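In the block that follows, a single chain appears as C-alpha cells, in the form predicted alone.
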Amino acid sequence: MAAAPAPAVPAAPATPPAAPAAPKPKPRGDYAMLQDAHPSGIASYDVLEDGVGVLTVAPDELFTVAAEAKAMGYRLLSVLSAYDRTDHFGVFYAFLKVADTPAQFAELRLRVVLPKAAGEPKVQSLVDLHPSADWHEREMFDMYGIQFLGHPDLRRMFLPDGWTGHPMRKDYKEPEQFVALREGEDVVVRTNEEGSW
C-alpha cells in the first residue's frame, strides 16, 4: 500500500508591500513665492504638528529671506526661539502680516538648522531688520550660546558675564556653587543644598 501524501504546508503569507511614503507637502502662497525666489537658500518646506508650514533657511540666507518676507507685509517678528537636538541647534522665527480683516491676517515661519558638527552655532542677526529681535537674540545667546552675527551688543541677558556654559543646552553641567548678589552683598549659593539661596 502506497504511503499517503504529506499534507500540504500552507505557504507563509507574503509580506505586504510597505505603504508608500506620504508625499512631502508643497508650499503655497507666500511660502511658495519665497521658496521659488531662493532655491539655493531654502532647504525645505515642512508642516509642523500644529498644521502650519515652516521654511528651513540656510544660515547665511536668513537675513535676505526675512527681508523679503518683511517686504511682502510680514512686518512683525512675533517669535524668536531656539532649541537643542541631538545633532543640531535650531532657531525658529514667526512673522505676522498685520491686517485690517481676519482674512488678510497671515503668519510666516522660518527656521535655521545649525549642525553641531559645524562647531559653535552661528546665524545672522535680524536686529537691523527687526529691532525687536535684540533681546530675543541676547536671550538665545545666553541660554544656548548661539552667536548672532552682526548683533550690536551680544552679551548675556540673565546670567553674569563670567558664567560658564549655557543652561538650555543638552550638554550643560550645573555648577556645584556660584556667587550671587542678595540684598547688596555677595552670597555663595550651593545648587545641591536646599535653602542656600
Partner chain sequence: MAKVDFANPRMPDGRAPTSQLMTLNMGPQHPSTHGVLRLKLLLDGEIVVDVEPVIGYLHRGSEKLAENMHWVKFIPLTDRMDYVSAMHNNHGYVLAVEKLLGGPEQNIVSERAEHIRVFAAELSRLCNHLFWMGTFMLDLGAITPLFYALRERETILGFLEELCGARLTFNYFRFGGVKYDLPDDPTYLPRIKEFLAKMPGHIAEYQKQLRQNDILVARLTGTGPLSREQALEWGITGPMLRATGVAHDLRKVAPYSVYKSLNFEVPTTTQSDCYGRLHVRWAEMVESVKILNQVVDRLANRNLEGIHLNPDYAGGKILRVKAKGEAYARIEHPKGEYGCHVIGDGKQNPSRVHVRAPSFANLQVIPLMARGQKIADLVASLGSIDIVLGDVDR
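Please read all numbers here as calculations on a predicted model, not as lab measurements. Positions refer to the first chain, counted from 1.
There is another form of this protein, the form predicted together with its partner chain, and it is not shown here; the text below is about that form.
- Proximity to its partner chain in the predicted bound form, taken as a non-hydrogen atom within 4.5 angstroms, holds for one residue of G150, G29, G165, P131, which is P131.
- The shortest heavy atom separation between V79 and its partner chain in the predicted bound form is within 4.5 Å.
- At the 4.5 Å threshold, heavy atoms of D100 reach its partner chain in the predicted bound form.
- Taking the partner from elsewhere, A94 is found to have a heavy atom lying within 4.5 Å of its partner chain in the predicted bound form.
- Among heavy atoms of R169, some come within 4.5 Å of its partner chain in the predicted bound form.
- In the predicted bound form, L48, E49, D50, G51 are the residues of 37-59 with at least one heavy atom within 4.5 Å of its partner chain, listed from first to last.
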